[in-house]
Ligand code: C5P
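This document opens with one chain alone, in structure tokens, the form predicted on its own.
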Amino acid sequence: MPKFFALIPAAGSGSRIGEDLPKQYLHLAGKPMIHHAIGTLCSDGRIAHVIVVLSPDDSHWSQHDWSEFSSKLILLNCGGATRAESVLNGLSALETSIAIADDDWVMVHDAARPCLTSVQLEKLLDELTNDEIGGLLAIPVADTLKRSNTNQRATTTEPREGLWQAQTPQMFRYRLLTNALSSADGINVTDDASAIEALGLHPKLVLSDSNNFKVTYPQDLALAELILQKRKIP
């Protein structure tokens, strides 16, 4: 039976959030932000290992205690200049570090999505385990979409029918994802699914909810803190 692995690219600086500390290490509900994603992924019994890809010069990881995840956690200091490069470097390193098969599943999850729940993760696993291609968590776009000109003035209203907002994890077979990212030169790969789409394949959209958002701007930290703190209240 294919195994399940999770990979978190965490080599970025998160410059848009306006902090000197890399975003994944900002404290959130008493823990580094990345801790929450790792905890959710490690708690799922179907996931064999959680791989964290850091930049080669990362000096922050060792300042925290990760021992509670030691039975599942694999650390790789091979992050690249882009998210796609970090994911591909991590996938390539797995061929020599663990026994991973071509048809094993890899779930790529953003370190800056700390509010992922075990229910969302289980739904993704349940819906994609027997899927031919794989897929991702996503939500239908609810807001009206405007296209602007260079002066930030609305020029048209874009139809939102059939539009979804992509989230993570995004789950694909190991060899398929590796090949897709390897052949994505010249393509604007903003997530793993876009590399799969470039091969002419159609990833499945698994319905999620808006709480699994990506922390990008300073105001997002306060919202994520509220969500995580609320979950701690019995």
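Start at 1 and count along the sequence shown; that's the residue number. A quick note: this is a predicted structure, and the numbers were derived from the prediction, not measured.
From this point on, the text means the form predicted together with cytidine-5'-monophosphate (C5P), which you will not see here.
Asks: Taking 2, 173 and 178 together, does each of them reach cytidine-5'-monophosphate (C5P) in the model of the complex with some heavy atom inside 4.5 Å?
Replies: No: no residue has a heavy atom within 4.5 Å of the partner.
Asks: Can you check 41 to 49, 202 to 210, 60 to 68, 23 to 31 and let me know which stretch has heavy atoms within 4.5 Å of cytidine-5'-monophosphate (C5P) in the model of the complex?
Replies: In the other structure, the partner sits against 23 to 31.
Asks: Might residue 11 be said to contact cytidine-5'-monophosphate (C5P) in the model of the complex, defining contact as any heavy atom within 4.5 Å?
Replies: Residue-level check for residue 11: yes, a contact with cytidine-5'-monophosphate (C5P).
Asks: At the 4.5 Å heavy atom threshold, is residue 82 in contact with cytidine-5'-monophosphate (C5P) in the model of the complex?
Replies: Yes - in the model of the complex, heavy atoms of residue 82 and cytidine-5'-monophosphate (C5P) come within 4.5 Å of each other.
Asks: Hey, in the model of the complex, is residue 112 touching cytidine-5'-monophosphate (C5P), heavy atoms inside 4.5 Å?
Replies: Close contact exists here: in the model of the complex, residue 112 approaches cytidine-5'-monophosphate (C5P) to within 4.5 Å, heavy atoms only.
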